[in-house]
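Encoded as structure tokens, the following chain is the form predicted alone, with no partner shown.
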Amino acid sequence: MNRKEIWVYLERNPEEIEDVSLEILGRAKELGKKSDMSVVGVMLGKEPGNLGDIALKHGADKVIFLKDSLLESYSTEDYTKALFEIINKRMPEIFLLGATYQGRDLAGRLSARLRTGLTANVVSLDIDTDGYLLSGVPGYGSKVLAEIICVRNKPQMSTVRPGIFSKKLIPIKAGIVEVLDLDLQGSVSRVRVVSRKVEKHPDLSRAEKVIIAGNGVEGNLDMVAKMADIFGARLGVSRPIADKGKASRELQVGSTGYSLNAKLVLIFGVSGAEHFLPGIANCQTVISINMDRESDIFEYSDYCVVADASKIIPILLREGGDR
């Protein structure tokens, strides 16, 4: 009898597998041992190169590579079609993806086509004694963790936030890379990549120190960014700042942005709305500066400073510059 399988979507760029996929592989390996399931990484592209071996070293028992020249660059229609056909044919017990732009795009479409449930942006994964996937999603400003179960259809699907789990190097006892040649020439994809430019953005989920700017310091963003540079910290912003186009979405912290795992977070002018709080739930020390003594952010901070951030920032800049 074939073992049940946990599949992990391996998001990749031409040179490497994204960290979140390797993080999920490590957790999937732990769950596989607990539930006697094998772990399968699924990757799409033109050529596997050495990426299959990398996935095997990070927890996959097997890698399935869906090969076609049209899969060299990400396409919603082509990737969805290819994944749907292989999942529908082999029907894994569980299918996990990173909660990235690409992972979210694929997961929603696949769950609809497969007519199965999908839990989004999870921060914990476990398996109960009946083999059901327990996907933890924070609620009420991270005060509770709701564990969601999909009991009807398979595969059980979840998207996992980056930075929640750690990558693990696992000695390979035995593992194979299965290459499946596809024929997508009849694809109905309406989008083709004619040029590609990759820009590296800082991964806030792995930063040890982060300084976050909120609405209260909108006019002082340049000063906050300068302070982050002086103190060797990464810059983050709240969602309203990103919504206004004042900063890149790649800097956004919260339930729809990065979840931080920093040792130290310094927060300026953030009110503490529920969508922001999951982003700082795993941080060791949180210091918040806000003019409003009743600000919700203070309930989730280790140190609270009631002050005008516009007056505090120049002092910190001066002190930092004099070191």
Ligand SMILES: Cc1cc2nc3c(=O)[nH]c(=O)nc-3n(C[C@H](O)[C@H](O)[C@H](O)COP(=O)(O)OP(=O)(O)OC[C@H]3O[C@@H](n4cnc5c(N)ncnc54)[C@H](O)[C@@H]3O)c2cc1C
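All residue numbers are counted from 1 along the displayed sequence. Being a predicted model, the structure only gives us computed values, none of them experimental.
Only in words, not in the display: the form predicted together with the ligand, which the text now covers.
Proximity of D292 to the ligand in the predicted complex: non-hydrogen atoms within 4.5 Å are present. Contact check for S75: no non-hydrogen atom falls within 4.5 Å of the ligand in the predicted complex. Taking the partner from elsewhere, P202 is found to have every heavy atom lying beyond 4.5 Å of the ligand in the predicted complex. Contact check for I17: no non-hydrogen atom falls within 4.5 Å of the ligand in the predicted complex. Of the residues given (G163, P92, G216, G175), G216 alone sits with a heavy atom within 4.5 Å of the ligand in the predicted complex. The stretch among 163-171, 225-233, 79-87, 144-152 whose residues place heavy atoms within 4.5 Å of the ligand in the predicted complex is 144-152. Taken together, Y9, L70 and G98 are entirely out of contact with the ligand in the predicted complex: none brings a heavy atom within 4.5 Å.
Of all the residues from 225-241, those having a non-hydrogen atom no more than 4.5 Å from the ligand in the predicted complex are S238, R239, P240.
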